[in-house]
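What follows is a single chain, given as structure tokens, in the form predicted alone.
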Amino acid sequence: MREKHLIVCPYCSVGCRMYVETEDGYPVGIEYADDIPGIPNKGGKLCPKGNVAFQYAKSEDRLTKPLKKVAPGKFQEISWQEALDEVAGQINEIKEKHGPGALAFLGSEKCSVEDNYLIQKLARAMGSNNVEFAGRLCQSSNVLARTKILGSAPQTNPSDDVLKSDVVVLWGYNPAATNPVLFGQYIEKAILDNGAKFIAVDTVKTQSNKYANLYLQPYPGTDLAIILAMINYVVGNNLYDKDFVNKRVKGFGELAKTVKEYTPKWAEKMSGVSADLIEQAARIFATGGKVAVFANEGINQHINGTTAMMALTDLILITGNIGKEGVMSGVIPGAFNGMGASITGVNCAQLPGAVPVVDGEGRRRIERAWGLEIPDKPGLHYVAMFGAAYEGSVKGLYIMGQNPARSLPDSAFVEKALEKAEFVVVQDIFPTETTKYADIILPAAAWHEREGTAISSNRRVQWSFKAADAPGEAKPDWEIIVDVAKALGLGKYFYYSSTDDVLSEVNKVIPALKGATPQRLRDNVEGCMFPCPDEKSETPRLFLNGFPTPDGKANLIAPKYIPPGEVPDEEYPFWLSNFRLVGHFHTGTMSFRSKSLEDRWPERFVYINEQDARKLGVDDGDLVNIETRRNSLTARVEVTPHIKRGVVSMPWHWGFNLLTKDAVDDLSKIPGYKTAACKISKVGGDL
């Protein structure tokens, strides 16, 4: 019997929907969902990954039974009861001997709202705030910057508002590759059909910025200099929105004073972008009309990323491009439920609903709801967890749907940390570089093999229906966590028998999700836009009547220039950065197992400027060794005029983080993935 089941696409955070077609319970194809109001993939369009969104799940190496390590690199199948007994026994022993701080937990932006809510609750029930997910690695700088200034971080407006914008800015963002439906349905239409002016700022000239009226190409990690100079120009030429600043903003005087020294000429020396281009960009930003700003990892993932995002938020505010129709800015999570993982409290310093763990009143409210005590001090952030595991203070790691052995910087060090840990549990759908170091592996259901809630980057809360059964003995993540909690003796706090039970508790604990009930989401498949505080309301636009700050005003922060992280020198003369491909996703756990994607995007390569290629004596297709102070990788050369001389860039999917340094932004603790120094040499052989 042939049936179709509505799911949310399991890849990026745009929130596209599709029907998985099944025959006798087995997935056989995708049908476009073009009949649902509010979804982004109007007309049924999907990206290359979405078009084959269940293909990976059919891979022969799916995890289907619990596994126990019996020797390095060797595992044997065990029963679920044996696995649960082992996990509970080891975790309880570590807690008893070393305290709850010796335990660390990882949630996942690739898992549902319900899954993530339970993993962080499990951590807190065990007495640990050491709980994180990959949002720390890609968006934490933007989240922190906007929260400090505006009181809230998510995207401000519905995507349709981009079609009402007069200016589009892409800063360190290549949506044609990472969010193709958003790019094609909104950004491209705004530019090509509606005539919006287009400013692009990126180290690599990508497919996304081919239409740019102004293209600014800075050296990696120097974006902050450009933004400070744009503010300098806007303030110095009285181009700021005086009425908006006077009524809705504080701290303008200090900002104006601070940026006086950051002239466009100064920024040209720092960034390699001409002062004239910086001035033109500032003028268009301030006087071009309503501006939609999309800023992503190219600006976030630096040791000065938070400061750069503070400066960009300042620029948005002083030009009045917030709190009205036709503008856009905010966080763009990397995966389909990044916002859901964030809002449910998978954060070492925040509880569900973005309540700081140090907020006594907010913490006690959640303690009363749960019936247990929550630690009152922040835990370890993502990178620090593995430093602590290497040093020995973190003994046990519980990892759900993450691959830190490849997603964290300086991957070789992370592998050593995993090896040193006393006990590692990995809950996933496939073997990964991380499962090699697990003591117990728990097989999880893939996204279309379970039901649950996801929140898109545009704040749309949606229900995804189960389309097929998981293979073998694999279970939904939420169910595994409940089983583990019961084995740990925490059953009275983890009484759930369905996703509805979990989401109903989320509705009670997180006021802004009170109206996103299981019944509402099932009955109204277009979902609702967060915040949805009751079952009849949603919030398409934020900040229309003020900001969620004590006095309702935004608080400008006057940032000072911070140079980029590791920069070229005589021994390592090239800037090294990275980018993403439309055909692959994160560390490849899913996309590498989709044959049609692997056939089109089969291997690692490196962009090298034409002049640099001649100097190095390399041509298209040659193999080179890219070496940093941490490690080296071999890549195939792609000679291009679309990258600055002295800069090289690689897709990060194929182990790029073996090359990166573990330095983090002092404020957000985001790693500086986008800037490293390297040297290049031609090699023979093959990849």
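Quick note: we count residues from 1 along the sequence shown, nothing fancier. As the structure is a prediction and not an experimental result, all values here were calculated from the model.
Below, we turn to the form predicted in complex with a small molecule, even though it does not appear here.
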For the interface check, one of 292 to 300, 509 to 517, 158 to 166, 609 to 617 should have non-hydrogen atoms within 4.5 Å of the small molecule in the predicted complex; which one?
292 to 300
Quick check: do G401, R580 and H584 each get a heavy atom within 4.5 Å of the small molecule in the predicted complex?
yes
4.5 angstroms heavy atom contact with the small molecule in the predicted complex for G172:
yes
Taking heavy atoms only, is M590 within 4.5 angstroms of the small molecule in the predicted complex?
yes
Would you check, heavy atoms only and a 4.5 Å threshold, whether C12 touches the small molecule in the predicted complex?
yes
4.5 Å heavy atom contact, F656 and the small molecule in the predicted complex
yes
Counting non-hydrogen atoms within 4.5 angstroms of the small molecule in the predicted complex, say which of L380, A445, I440, I366 makes the cut.
A445
So which of T306, N130, T313, Q139 gets a non-hydrogen atom within 4.5 Å of the small molecule in the predicted complex?
Q139
